[in-house]
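Shown next are two forms of a single protein chain, provided one at a time as structure tokens under the names structure 1 and structure 2.
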Structure 1
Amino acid sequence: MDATLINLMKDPAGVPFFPVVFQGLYILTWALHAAFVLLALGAFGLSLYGSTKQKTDSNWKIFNPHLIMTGKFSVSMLILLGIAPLLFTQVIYDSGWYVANTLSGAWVFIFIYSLITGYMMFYWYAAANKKGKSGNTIIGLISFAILVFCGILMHNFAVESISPTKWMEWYAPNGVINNSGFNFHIDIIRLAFMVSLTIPVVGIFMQNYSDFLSTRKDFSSEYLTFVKNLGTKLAVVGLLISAVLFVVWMLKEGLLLNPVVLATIVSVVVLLLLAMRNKNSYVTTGILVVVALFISGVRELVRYNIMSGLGYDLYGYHMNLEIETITMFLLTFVILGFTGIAFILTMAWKVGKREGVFDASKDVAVTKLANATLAIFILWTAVYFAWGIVALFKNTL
């Protein structure tokens, strides 16, 4: 297959800004989304083990509810952050995303309802665990299985979207059209690598958790040492497993000696050494962010090579420059987004560092950030609707 059909499927209106910018934003937002996917599955999975240990082990009795809360929060974040990379994919690789939704349309609907069910059962699991009910582990296992299934479905959509040479074969095998929407295709090595990353991510989170609480007097040093040591073991073992699977995946793709791939391997080695030393988990987390961006970049490299090899010219995508749209997006992303995130992170940091009840109204930094976020959001809402009304009348009168 050449790119004739794929290029015909491009949006005739073009893209509102330079395609390379959307490509960069896709890499960034997918890395953020993936971080919470991995943390959610890692914390959730480890909590299932912890739920069987917490009745006999005082350390797990303290740690397990925190793991469940971390997983629950991470699921909400991964859903929120998962919207952006899908939108950026639709902008520059619209043909692949539309075809994947056609081939696996039934699975798309199943994914949505499965995600809702799995997330609701997660709350059930959290409530049952809090009350100490004996069936909480079974509920958690079902919820965990559903959420893993959702991840596998998203992997299926990704694999189909980057396999244009197989689209006709999947849509009409032996010349017979299959419009059931139940096409299902996975790349075992790629999927295994992505899933394996849950182990080092939750391990490094545990190192962060231990360092963060080390200044509080209501957590014993023995408990924090237990969490940190277990986290270090998980991080080291997980990184070794992930590194092997990554190399195998890159060998299969023929990209092992690509500069981006080599840089990824170097960053993983640095991350492994820092995780083993466990001197400053915050520095380790900073390198983990770099590794996540590199992995996201490698995913994009794989797709770009496949599509450009067929003649799909991403950077030649017709551009219909819309300064107003881009300005609104950047102001939203940078000003409102960064201020809101700064407010949430500052409050979370201070709540976690303080023993007892934290009164945010008496904290100067939190109060200023809260007022600034609210004021910016009100202004943003007014501008958004005013801009929309102007555009509406401009195009209809």
Structure 2
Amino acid sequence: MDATLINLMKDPAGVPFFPVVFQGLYILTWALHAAFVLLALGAFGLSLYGSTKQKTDSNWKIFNPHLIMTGKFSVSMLILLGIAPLLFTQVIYDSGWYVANTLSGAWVFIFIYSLITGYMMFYWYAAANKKGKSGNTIIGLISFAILVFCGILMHNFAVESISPTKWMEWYAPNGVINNSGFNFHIDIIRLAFMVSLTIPVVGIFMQNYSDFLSTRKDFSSEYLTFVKNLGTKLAVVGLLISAVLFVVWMLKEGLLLNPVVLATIVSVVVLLLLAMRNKNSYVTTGILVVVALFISGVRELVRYNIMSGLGYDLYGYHMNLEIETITMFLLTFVILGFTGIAFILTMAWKVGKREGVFDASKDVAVTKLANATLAIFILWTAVYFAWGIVALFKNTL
């Protein structure tokens, strides 16, 4: 498929803001999404091992339900955080994304219902594990396999969307159209690299977990040391595996000496050293976020190089500037989003730090954040209706 046709598939409505902004938002939100994908699969995978050990090992008996809870919450977060990059990629790379979705339409449908089945089985696994029922590992294994399969399908969509030279061959092999939507194509090195990241991510999470609970008297230091040491081992070994796979992937793409790729490698080395030193896991997590942003940036670099190499003019996308709705988004995101999430996360942090009931009404920070969040929500609602009524009157009277 040549550049003229890829550019032709851009939406005639144009983009509502500068494409580079969507590109930046894509990199940022994909990194957040990926962090929870990796944590979900890492925590879930490790919990399957834990479920075989928890009957005989007191440390695993405490740790495994926490791993399962982490995985369960992370799946919810990965879905939630996956919406934003899905949105932004459709704005600026619509041609690639929509071609991939139509070429693999049947897999799209299978993906949705597999994800529902896999996630519901995860809840089943969690409940069975809580009650100590036998067979919970089998349920967990099936659920885990389904969720990994969903990840592979997403990878398939991503690979297809950046393969314009093969689209026609996949849609009409030998000139005969295939509308079945069962196209399936993977890039094994790229996939292996992404999957390998689950190991260091869960390892660094375990270091965080241990540090966070160190102020609680109901968790022994022996138990916390066990979790932290295991986390360190996983982080170090996992990072070494990921680093090798990353270099192989970049060699294949011909991007190994690209400045963004070199910066990614440096950040991984820093992360490895911090994980090995194991002094302050919160700093390690901060660097992990930087690494995630770099990896997201590298993904975008690979896509941008392929598409622009074929003549796709991303920055020349016709623009119809939208002022009203971007203003709404920015104000909501910054004011309501930050205040609201700060309220819940501050409360959650303080609940987790102590035993028994946390009287947040006596905590100045939480109370102020709660009141501010409520007030902002009410104000937002009033503005919404006022705006709607004005627009309606303007256009209909």
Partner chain sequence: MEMLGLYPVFYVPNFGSAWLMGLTGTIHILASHTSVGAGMLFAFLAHKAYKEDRPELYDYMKRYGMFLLIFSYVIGSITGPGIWYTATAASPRGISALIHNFVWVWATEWVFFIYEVIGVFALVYFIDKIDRKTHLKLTYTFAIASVGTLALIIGIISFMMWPGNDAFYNTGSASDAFFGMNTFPHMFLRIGFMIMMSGIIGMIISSAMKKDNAALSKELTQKMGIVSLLGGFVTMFFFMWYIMTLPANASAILALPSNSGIILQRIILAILFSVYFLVAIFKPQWISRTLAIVMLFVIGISGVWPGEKLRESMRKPYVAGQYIYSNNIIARDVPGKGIKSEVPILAAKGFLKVDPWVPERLRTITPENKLEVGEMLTKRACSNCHSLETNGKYRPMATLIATKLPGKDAATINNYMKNVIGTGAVSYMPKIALPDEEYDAMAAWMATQVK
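Numbering runs along the sequence of structure 1, starting at 1. In this text, rigid core is short for the largest set of C-alphas that superpose within 1.5 Å between two forms. These figures come from a predicted structure and were not determined experimentally.
In this pair, structure 2 matches the form predicted together with its partner chain, whereas the other structure does not. Each of Glu253, Leu330, Ile83, Met347 except one sits more than 12 positions from any hinge; the exception, lying at the hinge between rigid parts between structure 1 and structure 2, is Leu330. When the larger part is held fixed by a C-alpha superposition, the smaller rigid part turns by 12° between structure 1 and structure 2.
For Ala360, the CA shift between structure 1 and structure 2 after superposing the rigid core equals 3.3 Å.
With the core fitted, the CA of Ala386 sits 4.2 Å away from its counterpart between structure 1 and structure 2.
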